[in-house]
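One chain comes next, on its own, written out as structure tokens in the form predicted alone.
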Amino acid sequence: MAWRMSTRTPASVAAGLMAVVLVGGAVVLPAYASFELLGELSILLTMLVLAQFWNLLAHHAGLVSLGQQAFVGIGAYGLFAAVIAYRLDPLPAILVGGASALVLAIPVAVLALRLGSVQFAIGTWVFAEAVRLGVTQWNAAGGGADLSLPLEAREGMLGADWVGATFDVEAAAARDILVYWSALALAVLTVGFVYRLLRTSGGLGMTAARVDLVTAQSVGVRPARMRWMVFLAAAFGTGVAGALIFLQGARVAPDTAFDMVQWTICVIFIVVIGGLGTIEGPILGVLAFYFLQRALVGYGDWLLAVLSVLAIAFMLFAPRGLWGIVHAATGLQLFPTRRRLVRNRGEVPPKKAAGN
């Protein structure tokens, strides 16, 4: 057969090779970078994870959530509970944070996925506020006060001795390196998961159902099942990211863990300014967010005002975001998901018959 379906492009192959080099460089970065930079990169990578999952929910599944901060907060408290109450090592406890968010998401999905788009957005926000208030009143979770990880748990973290000996650093610095590596691994796995999902028939069907539900159902697409899967996967990934974020600071409180501005509004900004509906967009968006934060670090609440104005400007004048501008100018697709016909290598097209 001379033809086959493929999503690969020369640009995507080059991007894959470049990604391997960048990830390899990022792994050995602790040998050269300051611990302040590693901390900033950890936050940047976890914000990328939050943005990728929100983008997957909002654009591809048609689920515009305003309550993702609930899963960030529950993920953080799940980690702290596992470490403080059950003496679990903080690194495997990160997965407990994700599992806690996943368990919380199941009853929410039962109710919220039956709602329309506007009701879903409002419902997830109300749910997140209810969870925040519940944690604030829960004495076992500190009753609204700060919780801190025990010193022995922080200093005795799994792998900390090896990292400390390898990089000749103290226990606190070794913990920062482990958190950075965990955030890097989570970001790579998240991008890979989203890209793989969008290339499957189920992912394509989910996107098609968002555009035209009736037509998609007529050809056998079952969007309800995919929305369930995406909602639960996003909850788990967001919970893991939340656990990592607060493991880095070793302290958690309800107001910071369930902060809607930090964990949902800023994430929406990252996706909108980077490019909604693309994998490349959140990557550019999180870089733009980082540099804006650095530029406006001394201006307090002005950061939120600037983010709001920029988001509105992009929605009006560049609705496809920064990556849309790059794609329009260059035609690049680093993570292509659209299938196209390509000729198999080594096969020669059949000759035309004489006289044709």
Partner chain sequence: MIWVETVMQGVTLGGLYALFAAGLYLVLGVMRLANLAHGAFIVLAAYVILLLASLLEIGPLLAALIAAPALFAAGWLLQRLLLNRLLGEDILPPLLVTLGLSIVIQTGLEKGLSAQSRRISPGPLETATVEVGPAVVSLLPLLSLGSAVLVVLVLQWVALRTATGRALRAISDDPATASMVGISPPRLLAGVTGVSLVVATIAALHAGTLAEFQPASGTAYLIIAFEAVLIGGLGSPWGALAGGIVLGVAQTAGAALDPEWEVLAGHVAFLAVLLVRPRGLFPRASG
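Residue numbers count along the first chain shown, from 1. Since we're looking at a predicted model, the values are computed, not measured.
Another form, the form predicted in complex with its partner chain, is not on view; read the next lines as being about it.
Shown alone here, L322 lies farther than 4.5 Å from its partner chain in the predicted complex, counting heavy atoms only. Using a 4.5 angstroms limit between non-hydrogen atoms, I268 touches its partner chain in the predicted complex. For Q293, no non-hydrogen atom is located within 4.5 Å of its partner chain in the predicted complex, even though that partner is not displayed. Among residues of the shown chain, L276 is one whose heavy atoms approach its partner chain to within 4.5 Å in the predicted complex. The candidate stretches are 234-242, 197-205, 106-114, 72-80, and the one lying within 4.5 Å of its partner chain in the predicted complex by heavy atoms is 106-114. This chain is displayed alone, yet in the predicted complex one of V27, A328, A305, L287 has a heavy atom within 4.5 Å of its partner chain; that residue is A305. Checking L189, V126, M229, A171 for any heavy atom within 4.5 Å of its partner chain in the predicted complex turns up a single hit: V126. Contact with its partner chain in the predicted complex, defined as a heavy atom within 4.5 Å, is made by all three of V64, L133 and I312.
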